[in-house]
Each structure stands twice: as structure tokens, then as C-alpha cells.
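The data below hold one chain only, encoded as C-alpha cells and taken in the form predicted alone.
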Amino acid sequence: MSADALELQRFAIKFFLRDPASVRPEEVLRLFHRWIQERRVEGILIDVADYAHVPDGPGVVLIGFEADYFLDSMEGPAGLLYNRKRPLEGALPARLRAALRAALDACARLEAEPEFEGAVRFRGDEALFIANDRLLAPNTEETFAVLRPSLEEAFGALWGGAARLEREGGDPRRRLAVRVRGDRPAEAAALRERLGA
């Protein structure tokens, strides 16, 4: 069963804000609507949903066909969560790298939006991976062991091969989540560049 985890297609990657107070939900709501109009991030963008009134909830969601973008505080501190829904090509490390590129493109774009005047910055030394398929990737040590090499390869590209992984919680009712830390913090755009095309 655990080897099936390598077939994982539905997963999420989150990068945390340095200062959660640097951005207000209503600003992000307007911004995400503009991103739809101007096609500012990859994929087919459909709508924006506002859950900012829910404490520790999904926040503001840019809903796409292939993936959703959340500015949320549901999974740890506030940040941008990229939730992949549709299959990607290639082996798991390649799929993870594609998702990392999309997530970091969005982070870098948020940082560069003129209305924030440089106040929005993401932490460049930490990320969160969530397996969003309990059937293929149950929250067990065995699944984590199967996924670890792929996670180290993909996230290691961000931090010169020095990604440290730590499984978060062991409750089998929850999704498998892995905190990933690097030794070389950098701006979102610089991390994105390290992944290449």
C-alpha cells in the first residue's frame, strides 16, 4: 500500500508569510479577482471564494481547474497554499517540482504587487507538504518513508540539497503533513529560479 504513495497526484504545498499582518483578506480578494482577469498565474482560473470570516480557516481562495491557491491560516501560520487537484506528468519528484514552481510563482507575484509596497514577504527557509489523498498516502511512518526521497529531491533543489524533513503528527485521521526546512533562506523569486524551467 505505501508504495502506491509514489502515484500521489493530489497534494498541497505551503509557504509561510514572514508577517501574517502584512496582508488583509479584502486586499487579497481584490487581487485574486484581478489575477483571473489578467491570467497572472498558470492554469485555468475560475472564481474566488472568501472564507476569511472563519477563524483558522481557508481564508481567501483562488479556485482553478488544475489547482487552487489559498491565502490561509488553516495549515499552520498564515501563508500561501497551493493545492494541486489535477494530474501532472512525470515521476513524483518532477510533479513536486512543478507544483513548487507554481506555488513560488504565486508567492513572488504577491510580493511584487504594487499595492503591498513591499510589505508582503514569504519565509524562504520553510515549507509544508500535505498529501491530500488518504487512500494512496495514509498518515503513517511507512508512507513517510516512501515519500521521503522524492520530497528530499524536490525540496532539496530549493536549498542546495539540504532540506530537513519532519513528519507532523501521527493521527491517522489527519492527512500526512511534512514540515520542510532549509539552511539557505531566500526570497520567493530566488527560490523559484533555483528550480529552473
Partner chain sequence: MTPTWKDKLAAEIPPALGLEIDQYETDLLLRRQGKIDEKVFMEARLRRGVYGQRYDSGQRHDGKKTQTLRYPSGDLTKGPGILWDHPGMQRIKIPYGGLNPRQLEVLADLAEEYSDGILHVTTRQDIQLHFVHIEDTPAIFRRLAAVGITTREACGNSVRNVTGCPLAGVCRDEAFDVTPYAKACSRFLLGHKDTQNFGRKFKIAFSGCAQHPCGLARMHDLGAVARIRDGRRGFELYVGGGLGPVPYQAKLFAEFVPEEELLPLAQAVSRIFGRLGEKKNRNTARLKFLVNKLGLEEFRRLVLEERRALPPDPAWTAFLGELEAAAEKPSKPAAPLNGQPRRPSFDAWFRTNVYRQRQPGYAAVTVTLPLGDFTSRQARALADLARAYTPGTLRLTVDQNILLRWVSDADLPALHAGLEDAGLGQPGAGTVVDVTACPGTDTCKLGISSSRGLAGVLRERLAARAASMDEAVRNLTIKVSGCFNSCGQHHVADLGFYGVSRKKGNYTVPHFQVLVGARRQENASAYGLALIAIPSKRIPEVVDRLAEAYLRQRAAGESFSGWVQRIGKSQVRALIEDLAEVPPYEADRSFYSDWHDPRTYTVSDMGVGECAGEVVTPLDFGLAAAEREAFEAQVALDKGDPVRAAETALRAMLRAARELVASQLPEVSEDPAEVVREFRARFYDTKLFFDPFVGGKFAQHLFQAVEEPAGTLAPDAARRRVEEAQLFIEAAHACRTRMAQAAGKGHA
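Values in this document were obtained by computation on a predicted structure and should not be read as measured data. We call the rigid core whatever largest set of C-alpha positions still superposes within 1.5 Å between the two forms. Positions refer to the first chain, counted from 1.
A second form of this protein, the form predicted in complex with the partner chain, is not displayed here; the remarks below concern that form.
Trainee: Against the partner chain in the model of the complex, would D56 count as a contact residue? Criterion: heavy atoms within 4.5 Å.
Mentor: Heavy-atom contact with the partner chain at 4.5 Å: present for D56.
Trainee: With the cut-off set at 4.5 Å between non-hydrogen atoms, does E193 touch the partner chain in the model of the complex?
Mentor: No, E193 stays farther than 4.5 Å from the partner chain in the model of the complex.
Trainee: Within a 4.5 Å heavy atom cut-off, is E113 in contact with the partner chain in the model of the complex?
Mentor: Heavy-atom contact with the partner chain at 4.5 Å: absent for E113.
Trainee: May I ask you to check whether A157 falls inside a 4.5 Å heavy atom distance of the partner chain in the model of the complex?
Mentor: Taking the distances in the model of the complex, the answer for A157 is no, it never comes within 4.5 Å of the partner chain.
Trainee: The partner chain isn't shown here, but in the model of the complex which of V41, L29, L165, V146 has a heavy atom within 4.5 Å of it?
Mentor: Among V41, L29, L165, V146, a heavy atom within 4.5 Å of the partner chain in the model of the complex occurs only for L29.
Trainee: Just give me the residues of 5 to 37, first to last, that have a heavy atom within 4.5 Å of the partner chain in the model of the complex.
Mentor: Result: E7, R10, L29, R30, H33, I36, Q37.
Trainee: Superpose on the rigid core, then tell me if the C-alpha of P149 is displaced by 2 angstroms or more between the shown form and the other one.
Mentor: No; P149 is a residue whose C-alpha shifts by less than 2 Å between the shown form and the other one when the cores are overlaid.
Trainee: Aligning on the core only, does the CA of P172 end up 2 angstroms or more away between the shown form and the other one?
Mentor: Shift of 2 Å or more: yes.
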